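As C-alpha cells, one chain now follows by itself in the form predicted alone.
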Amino acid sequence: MDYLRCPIPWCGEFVLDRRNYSLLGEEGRKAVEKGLAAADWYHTKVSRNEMKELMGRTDRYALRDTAIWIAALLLSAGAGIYLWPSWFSVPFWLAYGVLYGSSSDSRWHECGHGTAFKTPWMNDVVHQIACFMIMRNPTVWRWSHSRHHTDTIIVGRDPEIAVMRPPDAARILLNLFGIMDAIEAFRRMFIHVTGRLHPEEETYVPASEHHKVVFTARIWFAIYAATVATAVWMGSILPLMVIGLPRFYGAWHHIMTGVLQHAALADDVIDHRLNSRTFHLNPISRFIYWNMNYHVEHHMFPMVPYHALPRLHELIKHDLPSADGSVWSAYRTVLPVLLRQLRGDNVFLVRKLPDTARPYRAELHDAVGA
C-alpha cells in the first residue's frame, strides 16, 4: 500500500509555505549547494546487451504512427470543414482537436529526444510541426526538456514542474482547455519576436541558440497573423478551427495524462521511482500519448524509443512501484493528496516497492523538506 509522508521527523501537519519555483530564486542556489543539481540518479540494473537492444533505432514504428496521425488529422479536419457549420461537424472537430492539441505534446517530446525515428531529419521535421501545434518553441523546449531530465522535479532547477506544492488548482483546470499554457506561450512568443528571451530561458538556452528562438517565433507570428487575417476576410472562425483554436479545445487529453507524470510525488529527490509515475492506458490513449505513461522508465532511460518502453517496463518492473491500472485509478490516489496539499498539509505520496526491488536509499530523499 502506498503511504503519505511528511518531510519532517515527527511527521506532523502544518501550513505549507509556498516554495519559489522560479529558476532565478534562492531555491536553485540551494539545490546546487545540496548536490541535487546534475546529480547521480538511481538506475535499475539492466544488462548492456539488453539496453543496446532496447535503444536500437528504427524508422518503422514512427513512420507508421506518423502516417496514421497525419491521415487522421487530414480526415477529421476535412470532414469538419465539409460539414461546417452544422452540428454534424462537432465530432470531427473534437477528434481533430485532440490529434492537434494533445498528440502534438508527445510528438514534440519524442522527436525532441531524437529517438522516435532513426533518420535525424525525420525527427526534426515532426519536432518542428508538433512544436508549432503545441505552441512550444522547439529550441527553447529542447533545452528546457534537457534540464527537466537532468534535474527532474528539483525546485528552482526544473523549468517543467507542472504541479507545484501547494498545487494551483485553477491553473490545472483552465489548462484542460489550454488557456493558461496558451496565454503564456503567446506571451513568450511576443518576447521572442522582439529578439529577446525570458530571463529564465536564458539560464538554460545557450546564447549561441538565441537566434533560432527568435527566427522561429517570427515565422510563427506571421502564420498566426495570416490565419487571423484570413478569418476576418472570410467572416468566419473556420481558419482558426484548423490553426490555433485546437490548441485550446483539444488540450484536455495531454493535461489529463501529463498531470499524472509527477503530481503528488516527492520533489528534490534523485530517484525517479519517488518522483515519477507509470500508469496503464487503453490503446487509443497510448497512441495519442506515444507510451509516455511509462514515465518512470522514460526518466530512468530517456534514450529508449517510445515503441520500446512497454518492453523496458516488463524488464524492470520488478524494481519499480506497481503501475496504476488506469488513468482513473491513478487519480483516485493522486487527488486526495492534492486536496490535502491545497489545505496546507505538507505531505506527498511514497509509492510502495515490491519485495523484489532494491529499497529507496535514505540519502536519495532525506533532502526533501530540509
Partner chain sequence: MPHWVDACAAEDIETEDLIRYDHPDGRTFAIYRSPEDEFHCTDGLCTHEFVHLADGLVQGCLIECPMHNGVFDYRTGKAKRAPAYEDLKTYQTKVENGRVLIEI
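Residue numbers count along the first chain shown, from 1. All values reported here derive from a predicted model rather than from experimental measurement.
There is also a form predicted in complex with the partner chain; it is not shown, and the following applies to it.
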Exercise. Any chance residue 150 has a heavy atom within 4.5 Å of the partner chain in the model of the complex?
Worked result: yes
Exercise. Applying a 4.5 Å heavy atom distance criterion, does residue 167 contact the partner chain in the model of the complex?
Worked result: no
For this session: Spell out, yes or no, whether the shortest heavy atom distance between residue 97 and the partner chain in the model of the complex is within 4.5 Å.
Result: no
Problem set entry | Exercise: residue 118 in contact with the partner chain in the model of the complex, heavy atom 4.5 Å | yes
For this session: Would you kindly say which of 188, 142, 286, 262 lies with a heavy atom within 4.5 Å of the partner chain in the model of the complex?
Result: 142
For this session: Identify which of 113, 253, 136, 295 has a heavy atom within 4.5 Å of the partner chain in the model of the complex; exactly one of them does.
Result: 113
Exercise. Only one of 318-326, 42-50, 59-67, 339-347 gets a heavy atom within 4.5 Å of the partner chain in the model of the complex; which is it?
Worked result: 42-50
Problem set entry | Stretch 278-309 - residues with a heavy atom within 4.5 Å of the partner chain in the model of the complex | 302, 303
